[in-house]
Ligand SMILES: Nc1ncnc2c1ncn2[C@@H]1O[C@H](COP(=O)(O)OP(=O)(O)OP(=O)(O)O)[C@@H](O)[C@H]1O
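Next up: a single chain in C-alpha cells, the form predicted alone.
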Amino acid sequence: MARAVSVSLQKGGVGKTTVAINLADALAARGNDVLLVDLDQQGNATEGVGRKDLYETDGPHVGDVLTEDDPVDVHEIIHDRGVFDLLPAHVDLDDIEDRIRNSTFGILWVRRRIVEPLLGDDYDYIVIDSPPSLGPLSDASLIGAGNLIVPLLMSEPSVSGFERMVEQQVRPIRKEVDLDILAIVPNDLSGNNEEKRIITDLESSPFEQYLPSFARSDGFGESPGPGLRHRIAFSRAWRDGETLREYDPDNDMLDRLDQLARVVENGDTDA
C-alpha cells in the first residue's frame, strides 16, 4: 500500500532529519520507489543528502508549488538522488509558511500539490521531513501525509514536546482529517538509567502501542539495546551528504532502520 509519512516532533535536536533521511533510504533498499520531501526551513535533509546547492537555487523550487499564483508542477522540482528522489527545501520556506497561513486552502497544499499527484503513481512512499515547530507548514505536512513517525530522545524535554504536539496539533487535526501515529522511535540512546525509565514509562502509558518491538525496554538486557543507538556514523554520514547505508554499510543500526521501514510498509508497529 502506497503511504506518505511525516517525520515530526515539535522540538528540535531530536534527530528528526537523520531519521527521515535514513527511513527513506531503508524503504528504497527494500525495493520501493521513494521520495524524500524536505519541508524544514533549515534545509537539513537537503544538505544531509549532499544537495545543499538546491537550498538557495534561483530556479523553480517548493515555493513555486505551494502557492495560489499559477503553481509549478511538482515534477519540475524533484531531483534524482540515486536510491531515492529528493524534493528539496528552499531558503524561502518561512515566506511560504506565511503564504499558507494567509490562504483559505493553504493548509491543504502539501496534500493536493505534492502527495496526491505523486503517491501511488510515481512513488510507493513519500517521507516528509517536517518543520520542528508548530505552525501552518507543520500542520500542512501532517495533513498531507496522514501518517506520523515521532523520533524521541529519552529525556523529559523531548517527551514533553511530544505530549504538547499531541495536545496542540495531532488531536485538533484529527477532528478534521485522519492522522495516524505509526511509531515512536527512541533515538540516539546510549544506555543510561534515565533512558530505561522513560521507555518503561511509555510502555505503561497510552502511547505504548506506538513503540515498535525494537524499541522496548526488554532490549536493555541485550546488545546493542533498544531503539536507535548513538552512533557517530550518523553525524559523519550527514556531514558527507550520505545516508548511513552509503557511509557505513555494515553499521548495526541498519537493521533497526529496516525494521522501521517495515512498520511504515505495514502501517502499524506490529511489523
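Heads up: residue numbers just count along the shown sequence, starting at 1. Since the structure is predicted, the reported quantities are computational estimates derived from the model, not experimental observations.
Quick note: we don't show the form predicted in complex with this ligand, though the next part is all about it.
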Is Val14 close enough to touch this ligand in the predicted bound form, meaning at least one heavy atom pair within 4.5 Å? yes
So, in the predicted bound form, is Asp85 in contact with this ligand at a 4.5 angstroms heavy atom limit? no
Contact test in the predicted bound form: Arg229 vs this ligand, heavy atoms, 4.5 Å: yes
I'd like to check something about Pro132: if you look in the predicted bound form, is any of its heavy atoms closer than or equal to 4.5 Å to a heavy atom of this ligand? yes
Only one of 207-215, 40-48, 25-33, 57-65 sits within 4.5 Å of this ligand in the predicted bound form by heavy atom distance, namely 40-48
Quick one: of Asn187, Gln169, Ser158, Ser138, which gets a non-hydrogen atom within 4.5 angstroms of this ligand in the predicted bound form? Asn187
Partner contacts in the predicted bound form for 251-268 (non-hydrogen atom within 4.5 angstroms of this ligand): none
